[in-house]
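One chain comes next, on its own, written as structure tokens: the form predicted on its own.
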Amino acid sequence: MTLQGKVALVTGGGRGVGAATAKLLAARGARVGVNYLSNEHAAKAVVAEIIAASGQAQAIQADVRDARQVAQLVAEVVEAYGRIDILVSNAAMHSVLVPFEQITWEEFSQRVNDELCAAFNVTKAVLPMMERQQCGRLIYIASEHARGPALPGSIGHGTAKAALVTFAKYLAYELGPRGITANVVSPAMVETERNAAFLPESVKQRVAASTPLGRVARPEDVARVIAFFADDDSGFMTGTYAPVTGGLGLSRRGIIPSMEGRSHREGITEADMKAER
């Protein structure tokens, strides 16, 4: 795949999935605007790595929940590179685990508002350019929390991400006739600094043990799927939801660990099935 001649804007591009995505898109030929909110050092480090590898990128500060700042962000990317072909809406909204009994309506609604406000603002800002070009790729980063409960206390985060998934589907329906696609990439747990800060190692190990591929995702795993949706190869795909989970959720809890060390011929015994029940 090649993105030569394309311009991408990656929100939340300084760390984690955003940083991996910015570097991969640049490696495939795109010129990249790396948006960040507060960690200027991290964003500039991503840009420096891209430039050192003969790519083109620049770091641009903006709070994507602020429409005026987003307008300036998009204007700077267009001024530098002349166009925007790809939007990766990845900026992570701050979220801590709070059970429903403890969360207030103000906290709950703020999480949903932040998520949708960010996606709404950046989409509104890039849309006129994409409409003029009669082509564009809108890619939204959700979470497997959008499909249902994964961790206690994630009701606010999960509801916000579910709303983002629906938002993307409506965009795909409305914007398809104009040559613009909208797709969702939805990772399960990803090894990032942010997750490491509030998720215990024991939780990570349990998720890895329940995943057919035997580990949690790395930022690069997610970035490669994003790059696919950014490329022309995905041109006839829109409104899709792509789970990047390593197969997490394919089987009932405990079956996969119980298979460890067995040959395929041995399979699962009747005793295993009784134990599961």
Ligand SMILES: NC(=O)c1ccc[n+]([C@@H]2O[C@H](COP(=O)([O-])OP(=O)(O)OC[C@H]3O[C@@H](n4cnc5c(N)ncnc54)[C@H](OP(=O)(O)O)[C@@H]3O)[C@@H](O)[C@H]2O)c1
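Quantities reported herein were computed from a predicted structural model and do not represent experimental measurements. Residue numbers here begin at 1 and follow the sequence given.
Absent from the display: the form predicted together with this ligand. The rest refers to it.
- Using a 4.5 angstroms limit between non-hydrogen atoms, Ser38 touches this ligand in the predicted complex.
- With a 4.5 Å cutoff on heavy atoms, Thr192 counts as touching this ligand in the predicted complex.
- At a distance threshold of 4.5 angstroms between non-hydrogen atoms, Ala62 is in contact with this ligand in the predicted complex.
- In the predicted complex, this ligand lies within 4.5 Å of some heavy atom of Ile141.
- Remark: all three candidate residues (Gly12, Arg15 and Asn90) come within 4.5 Å of this ligand in the predicted complex, counting heavy atoms only.
- Think of it this way: in the predicted complex, this ligand has a heavy atom of just one of Val207, Leu127, Ala150, Ala188 within 4.5 Å, and the residue is Ala188.
- Contact with this ligand in the predicted complex, judged as any non-hydrogen atom within 4.5 angstroms, is confined among 229-237, 28-36, 47-55, 207-215 to 28-36.
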